[in-house]
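Single chain ahead, written as C-alpha cells, the form predicted on its own.
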Amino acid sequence: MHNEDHASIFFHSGNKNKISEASQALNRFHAKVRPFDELQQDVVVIEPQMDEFEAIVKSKLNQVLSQTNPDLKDNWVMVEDSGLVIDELGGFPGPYSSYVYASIGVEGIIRLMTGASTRSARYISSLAVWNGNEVHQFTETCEGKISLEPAGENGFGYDPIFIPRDGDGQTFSQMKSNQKNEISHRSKALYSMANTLLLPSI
C-alpha cells in the first residue's frame, strides 16, 4: 500500500468536498492530503453527540486511531468537524449541522430566520491530527452572516446562504474555490496546523 516515497496526511472524512479543500489548502505547504480509505477501508466512526467541536474531533480521531493499522510509517491521520453557528438561533445548528442540513436544508434555515433581528453567524472548523507522536487540535472560525436567500452554485452544505465578512458580499457558493479557500474556517484551521507543526513534505 505504501509505495510512495513521501508521507501523506490521511484525512478521514465521508465528505469528498472537505478532502478536496484540505488538499488545495495544504498544497502550498507541499503537504499531500489523501482520503483515509486509500490507507485503510474498514474503519467505522460513530458520530459523537456532543456540544463542543473540539470534543467531537478528539473522539472521532481516537476512534480512527484505535482501528488503524499501527504501522503508519511517517503518515499522519486527520479528522475534522465543522458547523454553522447562528446567533439568532442560539448557536443552532452548531455541531448538528450535517444532520440539520440533511433534514431541512438551507431553505429550512432561511425559514427559521424569518423576522430575525440579527443575521450574524460563523462557520467553525475544528480538526485533530495525529503526527505519529501525539494529537494536536486546531479550531478556527469564519465570521459572517446568513443571506436572505440562497445564492451560488459552488461549495457545499450551507455555503449558498453564508456571506463571509472578509469577502466581497458574495456567499461562499458564489465564490470560486480558491477565493473561498483564502478565508474559510477550514483553511484557517489547516493553515494554523501548517504554521505550528512541521508537516510531512512532498
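The first residue of the sequence shown is number 1, and the count goes up from there. Owing to the predicted nature of the structure, the values given are computational and were not obtained by experimental measurement.
As for the form predicted together with a small molecule, it is not shown, yet the points below apply to it.
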Name the residue from Glu47, Asp166, Asp51, Asp37 that puts a heavy atom within 4.5 Å of the small molecule in the predicted bound form.
Glu47
Is Phe29 close to the small molecule in the predicted bound form, meaning a heavy atom pair under 4.5 Å apart or at it?
no
Close approach of Lys60 to the small molecule in the predicted bound form, 4.5 Å, heavy atom
yes
Wondering, does Lys18 line up within 4.5 Å of the small molecule in the predicted bound form on heavy atoms?
yes
How about Gly157 - does it come within 4.5 Å of the small molecule in the predicted bound form, if we only consider non-hydrogen atoms?
yes
Note: the small molecule not shown here; in the predicted bound form, the stretch from 127-135, 94-102, 109-117, 69-77 having heavy atoms within 4.5 Å of it is 94-102
